[in-house]
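Just one chain is shown here, as structure tokens, and it is the form predicted on its own.
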């Protein structure tokens, strides 16, 4: 079984992001595997392990430093990787899905393609759908359970309000993973060392016929999140504290 997992190289949510030039940010912060993609990697590795054969291939669109994130995915048990290199700091979901599709088709014939349900940086939540449409494949996202049997995938997905639905799709298909699908394991030192020797093939995005100038989405401005002010303790009787709280919400926070 040939499983591709689309992995994004994203800033750690705990990292301090410094906006540079109004439309970019300093890449000196810590980067990690997009957390939702990590569930896809873990599930792909488990499926191949249970089948006793197959290959898990990590596909990433990003800059050269995305290799570090790919090595982390390889340490989880993936077999090799493909990096579609671009100098752009941001690519919209349209260009990203084009690049992913062409890299995957050029490499082999997927049985399953895993993505995360969304990325934690841009949060567009469109790439799984655009990739599936480009490949002409069925797609399900928000997936919390996967069963593969007789060339069919039966997935359980969250649909909001605590409800879930079951979807059956023929293989190949695209599956958008989310929290609850599994519990990604921590790689051991030997896994990390082996990952350093695993193949990562690099392809320039232009060699795939993708022109980043054609992207329909542009970033006009990035604003850093304002730092929260320090907590203020109110004193006095219950009535006095409530009155003071209401005053501050009206006059300082201006939310009432």
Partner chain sequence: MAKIGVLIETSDEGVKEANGGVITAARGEAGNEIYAFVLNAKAADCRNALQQYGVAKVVEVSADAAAWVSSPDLQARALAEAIKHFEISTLLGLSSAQGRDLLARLAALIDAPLVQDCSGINLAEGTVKKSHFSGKTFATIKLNGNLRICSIRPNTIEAQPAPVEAEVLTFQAAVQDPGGLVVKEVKKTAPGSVELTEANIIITGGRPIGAAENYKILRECAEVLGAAVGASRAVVDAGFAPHSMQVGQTGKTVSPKLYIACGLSGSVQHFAGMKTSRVIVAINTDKDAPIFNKCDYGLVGDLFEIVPVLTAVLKEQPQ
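Since we're looking at a predicted model, the values are computed, not measured. Residue numbers count along the first chain shown, from 1.
Keep in mind the form predicted in complex with its partner chain is missing from the figure; the text below concerns it.
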Original post:
Just one of 51, 193, 219, 207 has a heavy atom within 4.5 angstroms of its partner chain in the predicted complex, so which one?
Top reply: 219
**OP:** Tell me, yes or no, whether residue 158 is in contact with its partner chain in the predicted complex, where a contact means a heavy atom of each within 4.5 Å.
**Re:** yes
**OP:** Could you confirm whether residue 170 comes within 4.5 Å of its partner chain in the predicted complex, counting heavy atoms only?
**Re:** yes
Original post:
in the predicted complex, does residue 149 have a heavy atom within 4.5 Å of its partner chain?
Top reply: no
**OP:** Look up in the predicted complex whether residue 133 has a non-hydrogen atom within 4.5 angstroms of its partner chain, and give yes or no.
**Re:** yes
Original post:
Listed by sequence position, which residues of 211 to 247 have a non-hydrogen atom within 4.5 angstroms of its partner chain in the predicted complex?
Top reply: 215, 216, 217, 218, 219, 220, 221, 222, 223, 224, 225, 227, 228, 229, 230, 231, 232, 233, 234, 238, 239, 241, 242, 243, 245, 246
